[in-house]
Structures are given as C-alpha cells and as structure tokens.
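Structure 1 and structure 2 below are two forms of the same protein chain, each written out on its own as structure tokens.
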Structure 1
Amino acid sequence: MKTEKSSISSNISGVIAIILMGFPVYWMITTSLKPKDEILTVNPTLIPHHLTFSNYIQATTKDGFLQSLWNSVIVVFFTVIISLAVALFASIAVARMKFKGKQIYVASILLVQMLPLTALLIPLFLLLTKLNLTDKLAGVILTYVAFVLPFVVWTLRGFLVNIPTELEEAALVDGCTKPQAYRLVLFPLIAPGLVATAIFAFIQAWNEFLLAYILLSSPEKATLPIWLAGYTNRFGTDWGPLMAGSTLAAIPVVIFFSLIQNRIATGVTAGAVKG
C-alpha cells in the first residue's frame, strides 16, 4: 500500500521535473523547426505553426559544419582514450599500491581541480605557443586530458577500491603475472567505471568552449562549439540555425550515453565474488 501511494506522488513530481528540466531543451528543438518569422516574436508559440527543416539545411550546408564536426570527433576520441588509459594506470597505483610520495600525488590531483580556468588562460596560451601547439588539435587534446585527468583518476580509484584484492591474488596463485592479473581480472571488473568516466570526458571535450576558443584560431581547426558560437555576433543571434546545429551536436552525446548507460546500471561487479 505504502509504496503504491508514494509512487503516485513521485510520478507527479517526475512529470513536473520533466517539464521544468526539459523546457529549455524543448525550446531548442522547437525553435530549430520554426520558420524565421516565428522565432523572435513578442508572442512566441509553444508549437511551431509551420514545421520546417530549412534551419537544418542552412546549418549543415554552412561552411565549416562538417569540418568542425570532424574536429570535435577527433578531439573527443583522443581525449577520452588518452585520459582513460593514463588515468587507469595512475588509479591502479593509487588504489592498489603503497609508495613514497603518494599523499603528495593525491593532493596535487585534488588541487588541480581547484585551479580557476580563467586565470590559467594566458600562461597556458603562452606555453602552448612555445611548444608550437597553438592552433593545433593536439594542443587542445593535451589540455583537455590534463583538465579531466583528476576526475577520471579519482573516480576509477573509487571503482578499483571496491573490487576485493582476493580476486587478483587468486589469479596470482593460479600463475598469472601481475600485469596479467590486472588485464584479465581487474580490467573487466572496472568496465562500468571506465564507461562512467568516458561519458564525463566525452561531454567535457564535446562541449568545451573557452579553451578551444583561445587555443584555436583558424576556422578550419574550429570545434563544434566554436562553430556554433559563430551564429552570435554583435548584431544578435541567428537562433534558427544555431538551435538546429545545437540539436545536431547533442545527438552524438545522447547516442553515446544510451549505448553505455545499461552497462553502468547492470553493475558487472555484482556477482563477481559470489559466483
């Protein structure tokens, strides 16, 4: 009885939350489907009178769309792969090993998260100029990796700590070497952790604007957010194609997330010890 009752109130709250949270998203999508004269009016309508795909056509045929899409894909791909690999090694050390200087390492990882990005912009730009990495995707990728690393290391460490050491020890007894034990036993078990952190790194790299804006100057190097920002200038914002482009930019994240979310939820670790 009790659960039935609470379920109704939570369903109602759920619907309210969907409306409140979803409204800006809804507005983005409907605007992308409205003709120009229906967009910026004093009396905007919730539902477009005339559905049109002209904004999508306009956005996708504009110069640089495919190029910036491709750039973003490259940046995201390498940011996710590199940060996960590098962080996985580090998190094994932090979660599983004792070593001198560990506290300092952990402290510096945590402190990096507190650095205000806006304060580092200039020295970062100067540094990358010296390294000849400005206006190169590699420079952006390296910077993104550095900024997402702390979160990824720390989250993976959390997943690793929850995996009983008995599992690796058993593998060692069975004649595995240590790297083998990690590869064959630990790696599959932290898959959900890798997935969760991959999403985090993916979204950060896909949506990041400020750093990319400072570090990349030529239009053919622009990532999607920079390309999107091109729709706003001092004369105002060209909302229709901007919303169409943003909707398109959100699709890969949604696909990536839905492919991956089941894996987090199933919790691969659940039966590992009992089995």
Structure 2
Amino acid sequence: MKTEKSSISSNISGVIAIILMGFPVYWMITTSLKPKDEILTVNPTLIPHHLTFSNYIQATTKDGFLQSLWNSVIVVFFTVIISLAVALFASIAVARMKFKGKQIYVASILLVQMLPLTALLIPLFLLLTKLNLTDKLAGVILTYVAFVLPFVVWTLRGFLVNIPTELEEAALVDGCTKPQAYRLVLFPLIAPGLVATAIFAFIQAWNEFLLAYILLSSPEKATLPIWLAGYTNRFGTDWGPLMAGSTLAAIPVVIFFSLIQNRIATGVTAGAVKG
C-alpha cells in the first residue's frame, strides 16, 4: 500500500515537473505562431486563434540570420571538440597518474566553477584585447573552452575512476603499449561519458550570450543569441519574430540531443556503477 502511494505521488510530482519545465517552451512556440495583435492582447490565450507563419518568415529573412547561425555552429563545434580533447587527457592524468599537488588540482577544478562570470568579464576583455582576440570568433571559442573545461574534466574523471585499472593492466600483459591500452580499452569504455559531457558543452556554448555580447562588436561576427537580442531595442520588443527565432535556435539542440540521447542515458548510468 505504501509502495503504491509512493508511486502515485512520484508520478504526480513528475507530471508537475514536466508542466513547469515544458510550459515556457510551449508558450514560446505558440507565441511564435500568433499574429501581433493576438500577442499583445490584455487577455492572452493558451492556443492561437489565428495561426500564422509570418513571424518565421520575418525572422529567417532578417539581415544576419544565416551568418549568425553559421557563427554559432563554428563556435560550438570547436568549443566541444577542443574541450573534450583536452579534458580527456587531463582526466586520464588526474584519475590514473600520481603527481605532486594532485588533490590541490582536483579541488581547484571545483573552485573555478564557483567564480561568478560577471566578476571575470573585465579581466577577460582586457586580456583578450592585449592578445588581439576581441571581436574574433577565436577569442570567444577560447573563452568558452576555459569555462566549459573544468566541468568536463571533473565529469570525465568520475567515469575513469569507476573503470577498473585491471583492464588496462591486462592489455599491457597482452603486449599493448600504454597509448594502445588507452586507445583500445579505455577510450571505448569512456565513450558514453564523452557523449554525456559533449551535450553539456554544446548547450553551454550554443546558448551563451553575455560573453559573446561583450567580446564581439561587429554584426557579421555575432552569434545567434546576439542576433536574437536585436529584436529588443528602445522602441520595445518584437515578440513574434523573437519567439520564432528562439524556436529555430532551439531546434539544433533538440536534434543533437535526439541523436545521442541513448548514449547520454548510458553515460549517466555508467558513471554511477563500478565495474
């Protein structure tokens, strides 16, 4: 009886959580399908009375849409690839090797995550200005990698710690070199963890606005979040095209998540089970 009541309460809590998290997405999509007079009415409706795709046409034909989309793709691609490549070697070193200051290094990874972004904006801007990397996508990519890397290293370390070292030792006994043991044994086992952390890096880089807004000044270098901010000016906010553009910006994340969702579930569970 208690188990049944617990199951019912868990289901109700799950439904409430889904509604709370899903309603903003639903409101964004429905607003993008409403005409302007229906959006600005004092009595908003949950379901559009007159469906229109004019907001999507206006968003996709606005200057800079395709360029900002391409810029975001470039930034996200290199951020994910670089952060995963660096974090893989760093996490192997932390999880498998012994060196002085190891505990301090692990603790510093968490401390870096605690630093507020706003406190670092001015130092970052001054540093990138000296390096001549402001208003360049390369500067944004390096900054994103710096902020994403600590979390990725910490997460991959958790996966590696739970992989028995006996598997690598067996590979060495069979004649493999250390790099071969990592490539043939360790890497396939940590692949789900790489996928799970890739989605985090992808979402962080794709949706980030503040850093890109500070570091990029040219319209042709703008990423998608900066382009979306152009719908808000001193005359107000053009909600219809803004919601349409936001919906379009969310589609790549949904597609990426759908393609690797099985790997994400495998990676999350693998990190919690010891071999």
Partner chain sequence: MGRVTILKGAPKKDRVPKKIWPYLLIAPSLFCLALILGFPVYRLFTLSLEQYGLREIIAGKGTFVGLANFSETLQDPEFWQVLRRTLIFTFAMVSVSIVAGAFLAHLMMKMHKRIRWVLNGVLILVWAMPQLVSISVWRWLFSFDFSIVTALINSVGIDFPKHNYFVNTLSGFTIIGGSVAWGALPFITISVYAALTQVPKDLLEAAEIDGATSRQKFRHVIFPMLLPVYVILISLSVIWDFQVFSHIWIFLENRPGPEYFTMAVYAFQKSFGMSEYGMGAAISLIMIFVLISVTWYYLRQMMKMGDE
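Because the structure is predicted, anything quoted here is derived from the model rather than measured. Along the sequence of structure 1, residues get numbers from 1 upward. Whichever C-alpha set is largest while still superposing within 1.5 Å between the two forms counts as the rigid core.
Between the two copies of this chain, it is structure 1 that is the form predicted in complex with the partner chain.
Superposition on the rigid core between structures 1 and 2 places the CA atom of Ile251 less than 2 Å from its counterpart. Note on Ser13: its Cα is shifted 3.8 Å between structures 1 and 2, core used for superposition.
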